[in-house]
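Just the one chain here, the form predicted on its own, laid out as structure tokens.
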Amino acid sequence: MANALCMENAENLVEVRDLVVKFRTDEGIVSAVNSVSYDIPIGKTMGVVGESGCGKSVTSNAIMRILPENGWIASGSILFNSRLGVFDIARLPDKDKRLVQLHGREMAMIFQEPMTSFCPVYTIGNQIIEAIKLHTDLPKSEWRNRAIDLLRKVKIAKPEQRVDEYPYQLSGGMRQRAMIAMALASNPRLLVADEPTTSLDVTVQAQILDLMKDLQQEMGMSILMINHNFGIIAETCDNVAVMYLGRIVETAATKELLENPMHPYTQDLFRSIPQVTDQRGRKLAYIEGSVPDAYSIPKGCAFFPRCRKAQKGLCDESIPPVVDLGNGHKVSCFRYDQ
């Protein structure tokens, strides 16, 4: 199976193509992700940005194959260029041994809130050692030293002491560093960071983001950065995909997107960011309305009911095609040039 597959671009670590993820609920079957496609280049950071409820985390969970029991990948492919060859993660059976190889050894994840991700009754060291035990070939005699080295790598002071402490004894920033240490236990090729700084103050946020960039340069890993904060995306990512209600509406290199956003949703996201140069008393711009739930996705372009440029009879009738603007800049909009 692995040898029959190949990447479209040898420089990509992950290629997501036409991914559809559905959930079975009491109200019926809903589609949380609808025909999503993007690439994660080797050694680069890919950002996915959008409001809450747009499907960012569901997409990353599908890549990691950690969807809840009522969710499944309905169609599409997720090609992963692993050390053992190219796998279509979307097609691997749940109990396939290759998934065990991919989890931890090839892919790792940093969750939003480490306090709820760590088990409160085990020490930080025990939980990092568990990852080392499962995903590396180190002998048992070296597990503790490896855990201490990982804590030192993520710049936790006194790692010999912290390794024996419980999650509640660490600050929020230190817990997030410990979570990163556990994710790096087996030198993964892909690190998925799902809102990794949401619960931290801005100073600690900056430290964590700088740490991730330093580790990426040192280890050569790829990062998938899931975030709703365009400032963080602009600071950390090489490429960006803008997501709205389960679809990618615009993708581009970060610099290109910042200088030339084309989709009305991307433009409105930029408009809603407070500026240092704002005049005193100016009202902050915002996007009217809210993201609809997955049970009531509008016909046509999902952003139509909230869009300033929408044209009735066009935008509300069919899903806009993806237009290639050149240099990797793509947009899905009928009126991107208006």
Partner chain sequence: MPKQILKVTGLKKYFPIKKGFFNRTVGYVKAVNDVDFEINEGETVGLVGESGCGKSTTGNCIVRLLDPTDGSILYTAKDGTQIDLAKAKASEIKPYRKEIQMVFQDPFSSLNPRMTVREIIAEPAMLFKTWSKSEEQEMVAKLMTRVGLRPEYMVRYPHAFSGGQRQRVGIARALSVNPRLVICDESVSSLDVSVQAQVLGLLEDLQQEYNISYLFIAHDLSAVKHISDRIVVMYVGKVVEICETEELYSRPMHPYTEALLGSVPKLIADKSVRKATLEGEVPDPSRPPEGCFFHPRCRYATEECKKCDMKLIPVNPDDPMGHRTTCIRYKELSLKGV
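Just so it is clear, the model here is predicted, and its values are computed rather than measured. Positions refer to the first chain, counted from 1.
One more form of this protein exists, namely the form predicted together with the partner chain; it is left out here, but the text below deals with it.
- Residue contact with the partner chain in the model of the complex: Gly28 places no heavy atom within 4.5 Å of it.
- When the partner chain is considered in the model of the complex, Thr203 lines it closely, a heavy atom lying within 4.5 Å.
- Among residues of the shown chain, Ser296 is not one whose heavy atoms approach the partner chain to within 4.5 Å in the model of the complex.
- Within 4.5 Å of any heavy atom of the partner chain in the model of the complex lies no heavy atom of Ser77.
- Of the listed positions (Phe118, Phe230, Phe111, Trp143), a single one reaches within 4.5 angstroms of the partner chain by any non-hydrogen atom in the model of the complex, namely Phe230.
- By the 4.5 Å heavy atom rule, the three marked residues Glu130, Glu165 and Ala241 all fail to count as contacting the partner chain in the model of the complex.
- Considering the partner chain in the model of the complex, the lone stretch of 178-186, 206-214, 144-152, 84-92 in range is 206-214 [heavy atom distance within 4.5 Å].
- Looking at 40-68, the residues that come within 4.5 Å of the partner chain in the model of the complex, counting any heavy atom, are Thr45, Glu51, Ser52.
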